[in-house]
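The chain below stands alone and is given in structure tokens; this is the form predicted alone.
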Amino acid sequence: MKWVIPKTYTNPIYPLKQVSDMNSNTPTKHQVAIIGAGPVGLTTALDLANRGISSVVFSKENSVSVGSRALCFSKKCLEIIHRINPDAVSRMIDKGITWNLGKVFYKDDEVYKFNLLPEEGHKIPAFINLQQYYFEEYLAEEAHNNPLIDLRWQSKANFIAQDEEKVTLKIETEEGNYNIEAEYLLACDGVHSPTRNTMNLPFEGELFEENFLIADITMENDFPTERWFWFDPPFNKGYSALLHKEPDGVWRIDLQLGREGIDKAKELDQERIKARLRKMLGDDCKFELEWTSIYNFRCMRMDSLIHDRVLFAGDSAHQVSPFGARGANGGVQDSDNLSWKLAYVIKGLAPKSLLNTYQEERSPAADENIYHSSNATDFISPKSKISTVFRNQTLDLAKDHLFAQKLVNSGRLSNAFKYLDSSLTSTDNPSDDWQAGLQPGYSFNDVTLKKHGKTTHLIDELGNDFTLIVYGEIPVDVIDLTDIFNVKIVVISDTQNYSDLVDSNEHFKNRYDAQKGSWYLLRPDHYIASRGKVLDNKRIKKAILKATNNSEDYSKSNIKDMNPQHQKDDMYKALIEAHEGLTEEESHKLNAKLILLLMDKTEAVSEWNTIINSAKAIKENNVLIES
């Protein structure tokens, strides 16, 4: 297959550098070795360096990725990069296309629109569109300038063995081969992970046969900076399409091609691609192909992300479909969870058992990403006649009904996973009455504050280790928390009398349900480890010990999520699964019984008649007509 190579971007070429390891008679020892210089590997190296841990990073390539590849980077992902390197994330946001709004279409009609960041006070946008090569280039530049990171291009790293003290790697280069040793190995080497394969570790899941064409194009138009997704559009009848904007005047278009009879080499013919795009954009639209590819995908994962001193992160550990932008974003969240734990273990601040919580917390995150990814694929590409009927009627109802809009699944977009059932998360004091949406196990929520009369953001005030946020005046005895760990104390108040940081618009008070004396303890990855309504030094110390696995309390928090998302997805999935294997007549009978059972749950005749009339209603030219 012949891909179109990008024209608006020139890949930097990184040379093979001479290192002393090449001439050493014995393997050189390193703290951490990282295989893979993609978003996950580079993020991890930079995060470890911020914590004083050196690493050597190997890439068999001589540059960053070719083609836009991962494109949508989420708020949580960018917040992680902001914590690690504010300069890098500023470059990403400045270069990227910021968007919060999206629209969903069914055939010719707009079904509904959504806003991913409806509340004010956030420094980081909900999403940016940025080609993966820019993301990697900016991080690579920071890594090259960091004395604790040894980034080696054109160097293929191969796992050889490990024992109780180290991991041994063989490095292959054009200038010769050599071995190194490391205390820990992080395998961030992609979905085809040679490390995983060499270690004979299973990677199991579901293969989706559906084929999709990516066409990045340059064109001039007045399309708004929004994410547009079509189900069954007239220009790609029976399938789906996606359009959104990239930097450099580039637009990403995804066209669903189907499951069977796809000749990928034929479909990548430039004239054939252009013909498809003209159906979508019109014959008068002037465009040029920037980059093209055809993909299908799997939803796969490893059973365990930890294998003694070898740890897996990103695509090497789990693979998802691109719907929802959960690949690179999920991988960066892996790095966010792992890096501080590994640093604490290496520095002797926590027992090695803390690393087990990487599996405990990120394995469910992988399951959630796969779950949403699989559901999106099933909704976009129904596998049966009855599932197609339900999908299309859901889209029709979504034009007028909020509940149906929530069922429409063009990809549940990536957000911060919640560590609600974790041995590192402390449960609330039963006597505390919390009303706010944030809970222990949630990622922090950014707000605007005033600092010496100027606007700042909470994200800019947080520490790189533990952060204790106190609302109101802080007692002197809380200061001795720093005797255990490096804890940054951030005091926020509603008046300048108590603090340099003032909650002038009450965003913090409202979102965190704060009163004078309320406190939140954030982990090094800026997740809420514990909280309280009244300052309690003993409780705070206990929460820090639990969050670092230095406590005898290893119980999981098992916190009920007070703000669950996408619950109806479970119900919709159960409905579709109930029809699997049924004949058309059996499906009709099942639907009739379901309707009668639901009628039994409806008390008022008027309400039942309203439901019937809503089901009978159809749309014609955006005017509601009763049939």
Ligand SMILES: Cc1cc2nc3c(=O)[nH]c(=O)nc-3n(C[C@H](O)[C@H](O)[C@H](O)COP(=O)(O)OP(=O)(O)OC[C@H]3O[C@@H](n4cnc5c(N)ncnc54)[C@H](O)[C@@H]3O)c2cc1C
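Being a predicted model, the structure only gives us computed values, none of them experimental. From 1 onward, residues are counted along the sequence shown.
Absent from the display: the form predicted in complex with the named molecule. The rest refers to it.
Highlighted residues G102, L420 and Y442: none comes within 4.5 Å of the named molecule in the model of the complex, counting any heavy atom. With a 4.5 Å cutoff on heavy atoms, L342 does not count as touching the named molecule in the model of the complex; it lies far away. At a distance threshold of 4.5 angstroms between non-hydrogen atoms, L46 is out of contact with the named molecule in the model of the complex. With a 4.5 Å cutoff on heavy atoms, C72 counts as touching the named molecule in the model of the complex. Contact annotation: A33 falls outside 4.5 Å of the named molecule in the model of the complex, judged by heavy atom distances. Comparing 256-264, 148-156, 382-390, 362-370 against the named molecule in the model of the complex, the single stretch with non-hydrogen atoms within 4.5 angstroms of it is 148-156.
Among the residues G532, G327, G96, P233, the one placing a heavy atom within 4.5 Å of the named molecule in the model of the complex is G327. Checking H82, R301, K76, R252 for any heavy atom within 4.5 Å of the named molecule in the model of the complex turns up a single hit: R252. Contacts of stretch 57-82 with the named molecule in the model of the complex, defined by any heavy atom lying within 4.5 Å, are made by F58, S59, K60, E61, S68, R69, A70, L71, C72, listed in sequence order.
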